[in-house]
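One chain follows as structure tokens, the form predicted on its own.
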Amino acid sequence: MFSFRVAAPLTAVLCLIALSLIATSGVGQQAQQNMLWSLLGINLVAAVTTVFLARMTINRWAESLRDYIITGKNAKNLPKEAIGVTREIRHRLRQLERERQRLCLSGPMWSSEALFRFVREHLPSEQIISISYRQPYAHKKAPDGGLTWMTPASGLVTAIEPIMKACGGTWIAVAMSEADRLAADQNGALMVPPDKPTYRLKRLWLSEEETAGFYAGFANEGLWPLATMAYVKPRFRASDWKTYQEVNQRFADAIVAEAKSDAPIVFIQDYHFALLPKLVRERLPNALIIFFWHIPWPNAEAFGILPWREEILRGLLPADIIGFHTQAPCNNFLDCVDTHIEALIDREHNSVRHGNDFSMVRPYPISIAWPDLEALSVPDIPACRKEVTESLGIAPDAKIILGVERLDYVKGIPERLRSFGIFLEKNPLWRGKVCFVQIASPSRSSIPAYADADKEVEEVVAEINKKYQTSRWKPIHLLKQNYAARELYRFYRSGDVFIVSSLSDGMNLVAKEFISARDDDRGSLILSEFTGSSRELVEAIIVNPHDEEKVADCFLRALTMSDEEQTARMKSMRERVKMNNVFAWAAQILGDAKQLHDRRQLNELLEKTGRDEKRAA
């Protein structure tokens, strides 16, 4: 460094001084020429030496730069300004590598068969045990005394069930009725799907007190409003927390009972089971534990109001992988760990070491299995539209705005309906020409905040219908019931505009289901900026659901969008959803889990080798 910067200027200065002395001295002309040639020779030697030193310095820089980019170490030969640049280069290289890995694990080649082969060939266990509160199939008694079954409305079920169908294993969930008991064996288990069994469903029954404390209480009056921050005050009761612990322990017991070895793949779903990773790790230390949190994660300040915040974090961190939909909740989670417990956090690699536990914290945008509409027996789009319009008494040429979700206060249903009222007020020419069809599956009605949301939706619908309804036209059709997949796709294929206006939520897979249903490349999608889907489906019309006037304007924009623009937007979104399907999502998570498993085995081997060497010495 010093030689490169100083040698050349110093040589030049010395030459200039020498030439000046020669010019002013009294020596003869021949002597001056000899001295001049000597100086030129010295200058040539100095130049060659300077180039040689500069090359050596640059080589050392290059080696240090290479080492620092690859390892992050050996930066002593680099200037401070270079360290900042190389740190950014390393960060960009890691991002590119992650994107490369995601591209390798996405695409049409990821199907149920490809995922099955991946599990068989690359993972330490073929047994996958999935855990969720919601079960994939529910039974009920038929009028003739027999049993019928249905798939409960749940985005989680939509995402996880195709994986279980592909890979087999066991799904442990909560039973919902006495009919569920009649359909199961003496251990509460049965093979599903009922019409084509491919995996085992293990049902657990909760008492009324357990359901009230665990599910309605701590999970949905406590964690749910805390995570979504949707202006409903969380309720934290010591009795609910106690029941939450007890039910998590019951599920841990069921996992251990179902495990065929000490190293199954345990795939835990959502905020109902935040204590399970620790409980499972204590009894199955070699299990590959994956926890996916399907809803937002609050910031550290909001999370701090939870009385049992440390217990929740310590319950989660024994998981090998803790997954979220996007990077923002990952950052919030790391902030919470950093604020509330003692742990080593590597933000550069999104990982946490807590005691002997090491967790990767990663964003995995969840998706759906690309539907086989023919297998679902879904009619073509004209037939679907005819069925829907005739069943609801809608004019065949009327435009349909569609919403589909659970009746939940975070979904923004009253806000969107009020926006539709504003739209009708501002655009009188559209009255009688457009209808709003809102499917709102009943949910958690025993919780006061949900009962209040239900009442508000009813009041908004009644107010708008009373103001604008005519003998031939009803502005809003509110359908408060559950629909099977085939029926939902019938609605998806009938709508002209689909809106998801959640105030704070997870991925909102109904947006991807709508896109997958539109094989005509038509339809407009309006998405809340607070949904996970808005990070991927950028071609949608993105809105702030709290700005009801703006949403009203977006209704007009969506209804008047040209066919060409609809097609361009829809084709792009369909290609993205088809490529990044749920099997690619599962492969990405399981691929990361495999890397962690391999690293754990290597560390154990190195530790064993070290112990053996010490004993030998």
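One rule holds for the numbers: they count along the sequence shown, beginning at 1. These figures come from a predicted structure and were not determined experimentally.
What comes next is about the form predicted in complex with GDP-alpha-D-glucose (GDG), which is not displayed.
- For the options A252, L509, M164, L115, the residue carrying a heavy atom within 4.5 angstroms of GDP-alpha-D-glucose (GDG) in the predicted complex is L509.
- Only one of G168, P193, P124, P152 comes within 4.5 Å of GDP-alpha-D-glucose (GDG) in the predicted complex through a heavy atom, and that residue is P152.
- Mapping the unseen interface onto this chain, H294 counts among the residues with a heavy atom inside 4.5 Å of GDP-alpha-D-glucose (GDG) in the predicted complex.
- Put simply, N350 is far from GDP-alpha-D-glucose (GDG) in the predicted complex: not one heavy atom of it is within 4.5 Å.
- Of the heavy atoms in E513, some are within 4.5 Å of GDP-alpha-D-glucose (GDG) in the predicted complex.
- F358 falls outside the set of residues with a heavy atom inside 4.5 Å of GDP-alpha-D-glucose (GDG) in the predicted complex.
- Looking at 177-185, 277-285, 476-484, 307-315, the stretch with residues near GDP-alpha-D-glucose (GDG) in the predicted complex, meaning non-hydrogen atoms within 4.5 angstroms, turns out to be 476-484.
- Not one of F436, R493 and A558 is positioned with any heavy atom within 4.5 Å of GDP-alpha-D-glucose (GDG) in the predicted complex.
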